[in-house]
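Only one chain is included here, represented as structure tokens and corresponding to the form predicted on its own.
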């Protein structure tokens, strides 16, 4: 009996020693017995589903920042201490309900300190409602719809230019080139709706007559009816508000119907090199908005110039960064800067630092207004020319002149 009691006592002591050496998250205890200080940051991001391409770019942007801040920067400075970052990301499958559930899991089960946003305005709307419920800060770079910022939330901050400004530079460029009329098609979800409302505003601003505005449901597989109607109207400019897959549909349908407006301005897709890979020469002359490009003159003390960031991204991932990747890195960087300026992980203090932020990064200026938008950041425009994505606006960042009008399909 005494031997059994002795054995139990030894096992209890051994268990206590092992528990003392354990590190949250299952890692090994650092040398010297000191527990490594870690900031847990969570995100629900599409790995599968409708937004798999853009979600992949978002993930890569976040992971690039995590690797840099831990291995090169030495961890986030919180007062006199350095904290490593651990990103916890789950696949939201492009579904708003899943994004909400995973955001709640990150908060209640994983006990993250802060959140980064998903891809798309719809998913950001869903996830940010949960983060607001739990009074947790979410910094995001991929939800641009103005509808996100009229809810009175105090914990949502977006580094990107709002969706209503997406077509401003492109419409000004074609109006200056002589365009007189425009048609607009958009997906009936938050981000494209804001794009379309903004397009109508900027068309009026630049003297373009809006001949028609058409909407279509999410996950549409055929836009030929809309494009056929637009062909009959013979507009100078077509504007398409949607995501990557919508851009493919617009361009393929236009070619099949031999619908050749003098310019096509389409969101999301044209700035992504994958569009050229999928469509080849059919993607030429298409114009698209861009939040960021490697040729822009922005720089910071963290990632250097926009070009240096692009080179870093290419070295890690073997491909050029899209603006979705850059703005995702910028969202994480903004959170880092706020934590360092606050000198604390306290939510109220970090929120105060975000509200007071006024910095220029490799991605551009970041200064949040009272609603959480980065309202002062300008939007650029690109055009695909001979398979290359080149900046045509603003003037300060222009690489090439706009080609207008674009040639008919049968003359290429």
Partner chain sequence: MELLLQALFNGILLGGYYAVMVLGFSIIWGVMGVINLAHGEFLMIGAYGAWVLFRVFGIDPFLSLAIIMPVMFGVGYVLQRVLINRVVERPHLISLLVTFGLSIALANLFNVIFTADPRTVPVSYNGSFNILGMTVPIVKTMILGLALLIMFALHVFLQRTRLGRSIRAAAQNKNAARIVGVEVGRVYAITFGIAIALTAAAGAMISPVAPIFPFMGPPFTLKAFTITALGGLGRIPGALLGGMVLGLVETLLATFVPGVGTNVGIAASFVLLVLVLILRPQGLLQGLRPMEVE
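Please read these numbers as outputs of a predicted model, since none were measured by experiment. Residue numbers count along the first chain shown, from 1.
Here the subject shifts to the form predicted in complex with its partner chain, a form of this protein not shown in this document.
Worksheet entry | its partner chain: the contacting residue among 340, 307, 205, 219 in the predicted complex [heavy atom, 4.5 Å] | Among 340, 307, 205, 219, a heavy atom within 4.5 Å of its partner chain in the predicted complex occurs only for 219.
Worksheet item: Can you pick the one in 225, 74, 178, 152 that has a heavy atom within 4.5 Å of its partner chain in the predicted complex?
Response: Looking at the other structure, the residue within range turns out to be 225.
Worksheet item: So, in the predicted complex, is residue 258 in contact with its partner chain at a 4.5 angstroms heavy atom limit?
Response: So residue 258 counts as contacting its partner chain.
Worksheet entry | residue 47 within 4.5 Å of its partner chain in the predicted complex, heavy atoms | Heavy-atom contact with its partner chain at 4.5 Å: present for residue 47.
Discussion item. Is it the case that residue 53, even though its partner is missing from this view, gets within 4.5 Å of its partner chain in the predicted complex, heavy atoms only?
Written reply: Because a heavy atom of residue 53 falls inside 4.5 Å of its partner chain in the predicted complex, the answer is yes.
Worksheet item: Would residue 315 sit within 4.5 Å of its partner chain in the predicted complex, counting heavy atoms only?
Response: No.
Worksheet item: Which single stretch, out of 166 to 174, 290 to 298, 243 to 251, 134 to 142, brings residue heavy atoms within 4.5 Å of its partner chain in the predicted complex?
Response: Single hit among the candidates: 243 to 251.
Worksheet item: Even though the chain is shown alone, can you say which residues of 182 to 197 have a heavy atom within 4.5 Å of its partner chain in the predicted complex?
Response: Going through 182 to 197 in order - heavy atoms within 4.5 Å of its partner chain in the predicted complex - there is one hit, 188.
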